[in-house]
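Okay, so here's just one chain, in C-alpha cells, the form predicted alone.
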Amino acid sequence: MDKNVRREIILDHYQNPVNRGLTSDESYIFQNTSSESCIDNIDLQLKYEDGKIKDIVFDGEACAICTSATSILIKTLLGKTLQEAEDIITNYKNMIEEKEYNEKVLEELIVYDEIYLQPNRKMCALLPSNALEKILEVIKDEKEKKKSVD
C-alpha cells in the first residue's frame, strides 16, 4: 500500500473516528483497556444481537495509532458474526506480530501491515483488538451458558 494512502487513512480515522462516544444502554458489553507504557486508555462497548455484532462504540484518550486502529476495527467488525469477528482479529494480530495472515479478511486494517517496523507502536495497534477479543470471549461464554440451560 502506498505510504501516503496509509497515512491518510490512519489520520482520517484518528481525526474522525467511527462510533466515538459511549452509551448508557446496558445491553452492551463493556471492556476497558490501557497501556502500561503510554497514554492509551480506551473503553469499548459492543452490542451483540441475533448472531451479529450490531454496534461497537468507544471513548478514551489514545495516540493516533490506537485511536485509528480502534476506529478501523469497529468499522470492519460491524455486522459480522462471532466467527467472522474472531477470524478478522486473529488475522489482524498475526499481521501485527509478523505471522502468517489472510489479508483479504482485513479490509482497511491492512494499513497496519508495516507497523512491525516500529516495534514501540505494535502495542498501540494491538490494544483495541485485545479488548475486543475479551468481549468476544464474554459472548462465547454467555452462549455456552445458554446452551447448557436449554
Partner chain sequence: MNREDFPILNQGLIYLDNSATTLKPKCVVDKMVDYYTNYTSNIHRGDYSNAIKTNQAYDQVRDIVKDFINAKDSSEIVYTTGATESLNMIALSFFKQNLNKDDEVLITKSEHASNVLPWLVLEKEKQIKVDYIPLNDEYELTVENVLKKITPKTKVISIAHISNVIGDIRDIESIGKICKEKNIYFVVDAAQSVSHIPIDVEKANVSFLAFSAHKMLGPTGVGILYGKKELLEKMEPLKYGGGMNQNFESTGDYDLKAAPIKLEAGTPPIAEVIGLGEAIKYIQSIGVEKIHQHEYELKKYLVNELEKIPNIVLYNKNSKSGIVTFNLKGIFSQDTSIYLNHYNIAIRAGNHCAKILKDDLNIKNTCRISIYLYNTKEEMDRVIEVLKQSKDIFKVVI
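Predicted, not measured: the structure shown is a model, and the values here were computed from it. Numbering follows the first chain given and starts at 1.
The form predicted together with the partner chain exists for this protein as well; it is not shown, and the discussion that follows is about that form.
*Indicate whether residue 82 is a 4.5 Å heavy atom neighbour of the partner chain in the model of the complex.*
It does not: once the partner chain is placed as it appears in the model of the complex, residue 82 has no heavy atom within 4.5 Å of it.
*Does the 4.5 Å heavy atom contact test between residue 29 and the partner chain in the model of the complex come out positive?*
No.
*May I ask you to check whether residue 11 falls inside a 4.5 Å heavy atom distance of the partner chain in the model of the complex?*
Residue 11: contacts the partner chain in the model of the complex.
*asked:* Is it the case that residue 41, even though its partner is missing from this view, gets within 4.5 Å of the partner chain in the model of the complex, heavy atoms only?
replied: So residue 41 counts as contacting the partner chain.
*Contact test, all of 20, 23 and 132, partner the partner chain in the model of the complex, heavy atom 4.5 Å*: Spot residues vs the partner chain: no contact at all.
*asked:* To test your reading of this chain, name the stretch in 99-107, 32-40, 83-91, 50-58 whose heavy atoms come within 4.5 Å of the partner chain in the model of the complex.
replied: Heavy atoms within 4.5 Å of the partner chain in the model of the complex occur in 32-40.
*Answer with one of 46, 125, 95, 62: the residue that has a non-hydrogen atom within 4.5 Å of the partner chain in the model of the complex.*
Only one option qualifies, and that one is 62.
*Output the sequence-ordered list of residues from 106-128 with at least one heavy atom within 4.5 Å of the partner chain in the model of the complex.*
Contacting residues: 118, 120, 121, 124.
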